[in-house]
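Given next, in structure tokens, is a single chain: the form predicted on its own.
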Amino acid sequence: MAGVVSSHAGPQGTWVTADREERLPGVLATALAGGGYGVELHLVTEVVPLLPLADRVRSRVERAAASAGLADVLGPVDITIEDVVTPNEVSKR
């Protein structure tokens, strides 16, 4: 998605969720007490308006969950911007 550079697994690499065949850095899926799952995404972004970017990412996650038939188990989707990088830093990644 435009504006997102990468995910961020955290300083100790603990923000990771294991999927069937891979580890998803920067993603935390947590079972909620009332059922369903909350999702946290930890991101590195370009220098862009951050609130609109977070809203677009959240909407995309919600649409993907709905397309997969999982809208009823998706809880809150929290977006945390862990770092913002300049165009010069983006080109070095």
Partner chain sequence: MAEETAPARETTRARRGGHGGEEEAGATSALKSERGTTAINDLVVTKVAAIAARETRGVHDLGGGAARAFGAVTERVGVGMSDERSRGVSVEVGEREAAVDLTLVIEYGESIPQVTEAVRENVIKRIEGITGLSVAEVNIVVNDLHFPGDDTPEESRVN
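Fair warning: this is a prediction, and the values are worked out from it, not measured in the lab. Residue numbers count along the first chain shown, from 1.
The next section is about a form of this same protein that is not shown, the form predicted in complex with the partner chain.
Peer 1: Indicate whether the partner chain has at least one heavy atom within 4.5 Å of a heavy atom of G69 in the model of the complex.
Peer 2: Close contact is absent here: in the model of the complex, G69 is far from the partner chain, nothing within 4.5 Å, heavy atoms only.
Peer 1: Do A9 and the partner chain share at least one heavy atom pair within 4.5 Å in the model of the complex?
Peer 2: A9: no contact with the partner chain in the model of the complex.
Peer 1: So, V27 and the partner chain: in the model of the complex, are they within 4.5 Å at any heavy atom pair?
Peer 2: No, V27 sits far enough from the partner chain in the model of the complex that none of its heavy atoms falls within 4.5 Å.
Peer 1: Would P49 sit within 4.5 Å of the partner chain in the model of the complex, counting heavy atoms only?
Peer 2: Flag for P49 set to yes.
Peer 1: Scan 55 to 89 and note down the residues that get a heavy atom within 4.5 Å of the partner chain in the model of the complex; none is a fine answer too.
Peer 2: The stretch touches the partner through D55, R58, S59, E62, P76, V77, D78, I79, T80, I81, E82, D83, V84, V85, T86, E89.
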